[in-house]
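Same chain, two versions here, written out as structure tokens and called structure 1 and structure 2.
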Structure 1
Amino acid sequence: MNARTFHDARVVETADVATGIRRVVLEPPAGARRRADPGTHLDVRVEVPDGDRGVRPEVRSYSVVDSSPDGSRLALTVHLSPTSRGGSAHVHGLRPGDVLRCTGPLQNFPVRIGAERYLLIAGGVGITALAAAARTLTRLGAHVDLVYAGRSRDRMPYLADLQAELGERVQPAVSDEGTRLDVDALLARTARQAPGTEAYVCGPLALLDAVTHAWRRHGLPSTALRYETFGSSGRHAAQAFRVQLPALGIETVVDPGSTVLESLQRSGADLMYDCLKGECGLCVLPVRRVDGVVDHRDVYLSEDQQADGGSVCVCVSRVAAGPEGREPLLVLDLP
């Protein structure tokens, strides 16, 4: 069975491992078991609310936080997002004995073995993409520092376990304890003391932005920085706005629980997309006009491209009302 083939995995354990964060252990059928290397994830099929239509199936990606060596048990850890469109709520509703349709472990975030030194930076539940890497690199004798940032310890899953296993390699940065992560100071020190460091980052967009800007500012090589996103939290609260695609004669409303891509598809647009996380760029469309502020929630467009405002990743990015208070509107063209 191909790793990308969906199969029915049985839920064998569930447990809350931090505030609003649940661990779900899956048991794939015998023919679908594969080893989960550090950085792998599963694509899972979930049901999300769809207005008057009830529910609709969608695919979400969740990191494998740990697994058995033979792949017979794979653990996911999912934050119940207050802005969830239904995916995390579906996973939080699973109980032992339930079935979750999912792929085998897929790799988009591999760890390169052989670097001079490693810096792993996790924000909140982003630890799920880096915990296995920290354990593996430590076991291989690599020099690795795991900087783990969170608002409070009760919202930082696996922190105590990782500290017990990895000791001083784990550097907690806990905001409510007065040790909030200072990204600029961390990377200034890295550039000064260990410029050959390879960094891996997973967390919210604000953390990724801070790291990528500081990485460039301190002259560290772009090829040594790798990151993965989770979710698509933006800089503005999600609100309803109108979107128009004149080439197809479409005008519709994007409600707070939907994306531009979903809204256009429901109106009949056949658009290209893939990752649904703002990473691949396949869904990028040219922007003709914006009333309001584009809330870029992707990591595909460069900082200059986002500032220019000429295009947008419609799978994640949104529009918020601007200071002029007009109803937000996004008018798109086809490429």
Structure 2
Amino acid sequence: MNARTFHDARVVETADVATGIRRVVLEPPAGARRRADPGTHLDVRVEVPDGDRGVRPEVRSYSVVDSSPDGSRLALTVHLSPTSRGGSAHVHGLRPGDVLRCTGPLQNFPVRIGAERYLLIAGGVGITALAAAARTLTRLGAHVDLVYAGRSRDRMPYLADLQAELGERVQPAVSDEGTRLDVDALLARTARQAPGTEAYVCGPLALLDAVTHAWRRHGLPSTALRYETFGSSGRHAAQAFRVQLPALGIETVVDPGSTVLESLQRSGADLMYDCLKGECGLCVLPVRRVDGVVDHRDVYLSEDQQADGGSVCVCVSRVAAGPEGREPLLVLDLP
């Protein structure tokens, strides 16, 4: 069984660790035990309300906050969101002895060894993705600062534990105590004093936005800022659109489940590509015309290049209908 396989883990312990935040300790079955490295999460099958039809199963991702070395116990920590679509309510309803269907630990947010300094920025329950990293990096002798922001201490799980373990490395920023996190000042200081810092962020979208903007504003290197995205899905939902490659006399439709590259290859175009993840840039083609909006889903083109619209990574990027409501169309040239 690989890490992605769903299995039934037994709930062995539940506890409220902050206001509206519950810790749930799981015991995976013997064959499914894997060490959970810092930054890993479980995909969990939850039941969410579905109108009059009762409930339907959905999958949510929750970080593993701590675990035993042999993977026999994994702890999740879940905030009962008032705007929850039902996933957090499901987890909050679990009692010892219950079963939770979940994957093994999956890694989207690995910690790299060897940076000059580490700045971990957690907002509220976002601490779950960073607590283990803070502990591990400390044990490795790395220079770690854990900036932990929250509205009030009672909404900041594990704060006291982490302070007891990591001492001065933990820097709480508590809004109702007048120590609200000033992201701009923090990153200005980082840029001035320790530009070799590698930063990891986990928290509400507002925190992530503030950090990414300040990070760029202070000229810190983009590769040294890490956050978890749980998969990049673009700004627009995938829809069907037409694509033309006049140089080869090709016109075809890209359906929601396939890519421009796949559709053109199927129509006989012989195109160069490699990573299929929007990273390497080998598949980039010049854009002649767009009806609609290009949904750039790559990380190869710079923001300026994406805004300019002159080229597109055909392995991942798509076109969505524009406000004018015309049928979306992408006309490409060969390089």
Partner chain sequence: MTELDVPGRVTAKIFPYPLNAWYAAAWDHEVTAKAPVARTVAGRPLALYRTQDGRPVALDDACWHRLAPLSQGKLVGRDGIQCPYHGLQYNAAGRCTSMPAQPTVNPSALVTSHPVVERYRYVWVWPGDPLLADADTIPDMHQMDSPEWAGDGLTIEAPCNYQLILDNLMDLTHEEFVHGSSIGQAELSESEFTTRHEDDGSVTVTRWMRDVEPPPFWLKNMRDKFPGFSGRVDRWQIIHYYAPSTICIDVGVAEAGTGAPEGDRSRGVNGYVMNTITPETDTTSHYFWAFMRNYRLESQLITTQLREGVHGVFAEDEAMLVAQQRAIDANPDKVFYSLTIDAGGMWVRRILDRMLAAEGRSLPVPSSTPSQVTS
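All of these numbers come straight from a predicted model, not from anything done at the bench. Rigid core here is just the name for the largest C-alpha set that superposes within 1.5 Å across the two forms. FYI, numbering is relative to structure 1, first residue = 1.
As for origin, structure 2 is the form predicted together with its partner chain and structure 1 is not. With the core superposed, residue 262 shows a C-alpha displacement of at least 2 Å between structures 1 and 2.
After superposing the rigid core, the C-alpha of residue 243 moves by 2 Å or more between structures 1 and 2. The rigid-core alignment places the CA of residue 252 2 Å or more apart between structures 1 and 2. Once the core is aligned between structures 1 and 2, the alpha carbon position of residue 289 differs by 19.1 Å; this is the C-alpha shift at that site.
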